[in-house]
Ligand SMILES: Cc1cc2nc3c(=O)[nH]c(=O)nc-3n(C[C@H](O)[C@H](O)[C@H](O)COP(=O)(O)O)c2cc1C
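The form predicted on its own is given below as one chain in structure tokens.
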Amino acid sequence: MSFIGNRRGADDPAAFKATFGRFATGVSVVTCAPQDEPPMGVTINALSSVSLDPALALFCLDDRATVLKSFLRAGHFALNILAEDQAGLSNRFARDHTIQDDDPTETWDSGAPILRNALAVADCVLLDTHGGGDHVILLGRVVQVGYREDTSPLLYYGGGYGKFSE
């Protein structure tokens, strides 16, 4: 018996995106506060915990992203995992990377802005970077974490947002 779905070469960008679009992911806004620049954030879905001892996490940014140099200069970042009612926040940070004065934020150990209503947060100090094709992998030492238990995550699947259903 053979695979029953569509099969293409990995050099087909549309097929590559469609394939990985079948993997439901959480949605996050990663934030930083570089010196002498306004605090900023960008919507991502490529993040992962890496290690428990030491506590490490990573996220990926397109190497052409306008915010990449700011994240490198800042030396810290916060992974703000969004709750199911925060699609609007995801959309805004996908377009406009500046944290506004009326955004409810606070600061933890690293100095990166924390989105107060996020589902979960990993506050990180930038440890290393690695090339990853057309992206840069930013690895951080997690210095503090926090999470809520009163809601579910915002999910992304097949080009759109979704929620858990019972």
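Note that the structure is a prediction, hence the values are computed from the model and not measured. Numbers for residues come from their place in the sequence shown, where the first is 1.
Quick note: we don't show the form predicted together with the named molecule, though the next part is all about it.
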> When the named molecule is placed as it is in the model of the complex, which of 103 to 111, 61 to 69, 118 to 126, 48 to 56 ends up with heavy atoms within 4.5 Å of it?
Replying inline: 61 to 69
>> Can you tell me if residue 33 lies within 4.5 angstroms of the named molecule in the model of the complex, counting non-hydrogen atoms only?
In response: no
>> At 4.5 Å between heavy atoms, is residue 97 in contact with the named molecule in the model of the complex?
In response: yes
>> Please determine whether residue 135 contacts the named molecule in the model of the complex, using a 4.5 Å cut-off between heavy atoms.
In response: yes
> Listed by sequence position, which residues of 143 to 166 have a non-hydrogen atom within 4.5 angstroms of the named molecule in the model of the complex?
Replying inline: 156, 161
